[in-house]
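Let's start with one chain on its own, the form predicted on its own, as structure tokens.
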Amino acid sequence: MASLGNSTNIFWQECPVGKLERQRLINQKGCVVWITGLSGSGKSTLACSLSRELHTKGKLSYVLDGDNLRHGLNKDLGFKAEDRAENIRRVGEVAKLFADAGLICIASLISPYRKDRDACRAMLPDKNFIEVFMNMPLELCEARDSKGLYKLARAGKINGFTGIDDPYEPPLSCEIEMQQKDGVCPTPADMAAQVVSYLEEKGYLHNQ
């Protein structure tokens, strides 16, 4: 079977309505907010809180949750390094489409490997990739363990679990970093407000 990736018989189809027209219609600028961190660090919590806050402001967003996507788009992938890379590549491509549509796409995934996140960043023009690092200590994430995954990993029932027997590579220059202050985690509302403030400052919440 021929690989489409190597085909020379496919061509890009331009359409008369482009990103600028779509952004003007909904009065916002498309971008990708990529939330990365260990399991239990609060990625999905922040994603949902941010989506709700944007909704109250009349701004369109869509959450791409890593677990949810493995029920459909990525259900054929496992957790080996090459599968994780393909998982992130697919999500990056979908996020790029949402941003091109003018939406604020909120991607919430562990995305443990720096090169995979950087590859997603490179997909988007004009610095429209906003990396949010949930910099929470492993001890806190493991204590939460709402899904019971750390317990299974410690018992050897899950192999290649990020933070236990597979590495997490933290961002080197993320746009936003969430962390404890004096041992206290910021509330979901406070974290969402921080991201919204960044989006407002950078002009994503209006199209002027």
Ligand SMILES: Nc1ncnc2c1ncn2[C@@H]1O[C@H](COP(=O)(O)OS(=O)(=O)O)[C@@H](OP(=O)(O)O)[C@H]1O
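These numbers come from a predicted model, not from an experiment. Just count from 1 along the sequence shown to find any residue number.
Below, we refer to the form predicted in complex with the named molecule, which is not included among the displayed structures.
**Q** Could you check the pocket for me: superposition on the site C-alphas, the named molecule placed as it sits in the model of the complex, then open or blocked, blocked being at least 3 ligand atoms within 2.4 Å of backbone or C-beta atoms?
**A** Output flag = open.
**Q** Quick one: does K29 come within 4.5 Å of the named molecule in the model of the complex, counting heavy atoms only?
**A** Heavy-atom contact with the named molecule at 4.5 Å: absent for K29.
**Q** Examine S49 and determine whether its closest non-hydrogen atom to the named molecule in the model of the complex is within 4.5 angstroms.
**A** Result no; S49 lies far from the named molecule in the model of the complex.
**Q** G58: heavy atom within 4.5 Å of the named molecule in the model of the complex?
**A** So G58 does not count as contacting the named molecule.
**Q** Would K147 count as touching the named molecule in the model of the complex under a 4.5 Å heavy atom rule?
**A** Yes, K147 is a contact residue.
**Q** Can you pick the one in I130, L103, I110, C120 that has a heavy atom within 4.5 Å of the named molecule in the model of the complex?
**A** That would be I110.
**Q** If you apply a 4.5 angstroms heavy atom cut-off, which residues in 159-176 are near the named molecule in the model of the complex?
**A** Contacts from 159-176: N159, G160, F161, T162.
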